[in-house]
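Take a look at this single chain in C-alpha cells; it is the form predicted alone.
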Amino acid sequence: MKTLNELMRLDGRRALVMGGSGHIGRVACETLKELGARVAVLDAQPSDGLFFPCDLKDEAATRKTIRYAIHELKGLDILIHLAAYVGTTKIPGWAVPFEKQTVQAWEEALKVNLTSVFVGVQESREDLQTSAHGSVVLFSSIYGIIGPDFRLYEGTEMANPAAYNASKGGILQMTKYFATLLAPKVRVNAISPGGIHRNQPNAFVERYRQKTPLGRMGREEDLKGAVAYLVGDLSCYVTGHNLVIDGGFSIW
C-alpha cells in the first residue's frame, strides 16, 4: 500500500494548464510544481516557465497550440482548465447590469469559459488516455450550482454576468459527460470556488462574509489542497465529482 506522500507526489508527470497566468492559475501551477510535475501554461497573458501564448477564442490556434505544448512536454498526464471571463474582465457589454449585457460579450465569454474546455479535452484526449495517470480538472464556480444574490452588489460597480453563470453550470455538466466518456483511463473532476478576496468594495466583502459560515471570503491558497487532491493518485477512485471550496457559502 502506498503512503500518503507517495500518493500525493507528481514526479515525472506532465501537466498543461489552460488559463495558468491568472490569480488562481498561478496557484494551480505552483501546486503542481511543488508536487514534482512539469508544467506548461497556455494563456493569452505571459507566465513564468514553459509558456505557450494563445487566444482561447480562436479554435484553430487553440488546437494547434495544445498539440504543440503536448509535443514539447512529450506527452500529457494532467489537464487543468481554469481560463474564464470573470467579473473584472474589461470588455464592453460584459460586467454591466443585465439590461446592458450584450450577445457579443456572451458569445466571447462562452468561447473562453466553455468552448475551450471542449477543445482542450478533445485535443488532449488521446495523450491522456495513454498516460497511466490521466486526470482532468475543470474549474467551475459556486455560480454553476446556485443563483447569485444580487443584494451583495448593491451600491457597487460590480456585476454578475449571465454568461458567467451559464458557462460555469455548463462546465459541471461537461465534467460528468467527460467522466463517463473517458473512463476508465482518464478521471475528470471539477473544482467550484466561492468568492476570492481581491480588493472588492468593503460593502461587498462584508455582505459576503456575513453570508459565509466560515466568516470570510476565500483566498487563492485555499484551492491548493483541492488541486493537489484531484490531479493525482490521492483521488484515484474519484471521477465526475465537483469539489466545492466556498467556506460553506452555498449550503444555506
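As the structure is a prediction and not an experimental result, all values here were calculated from the model. Residue numbers here begin at 1 and follow the sequence given.
The same protein has a further form, the form predicted together with a small molecule, not shown here; the description that follows concerns it.
Put simply, Ala44 is close to the small molecule in the model of the complex: some heavy atom of it is within 4.5 Å.
Contact annotation for Ile80: none of its heavy atoms lies within 4.5 Å of the small molecule in the model of the complex. The shortest heavy atom separation between His23 and the small molecule in the model of the complex is within 4.5 Å.
Looking at Arg63, you'd find every heavy atom of it more than 4.5 angstroms from the small molecule in the model of the complex.
Residue in contact with the small molecule in the model of the complex (any heavy atom within 4.5 Å), chosen from Ala162, Val86, Met158, Leu181: Val86.
Shown without its partner, this chain lists Val186, Ala40, Ala28, Leu56 as candidates; in the model of the complex, only Leu56 has a non-hydrogen atom within 4.5 angstroms of the small molecule. The candidate stretches are 137-145, 90-98, 124-132, 173-181, and the one lying within 4.5 Å of the small molecule in the model of the complex by heavy atoms is 137-145.
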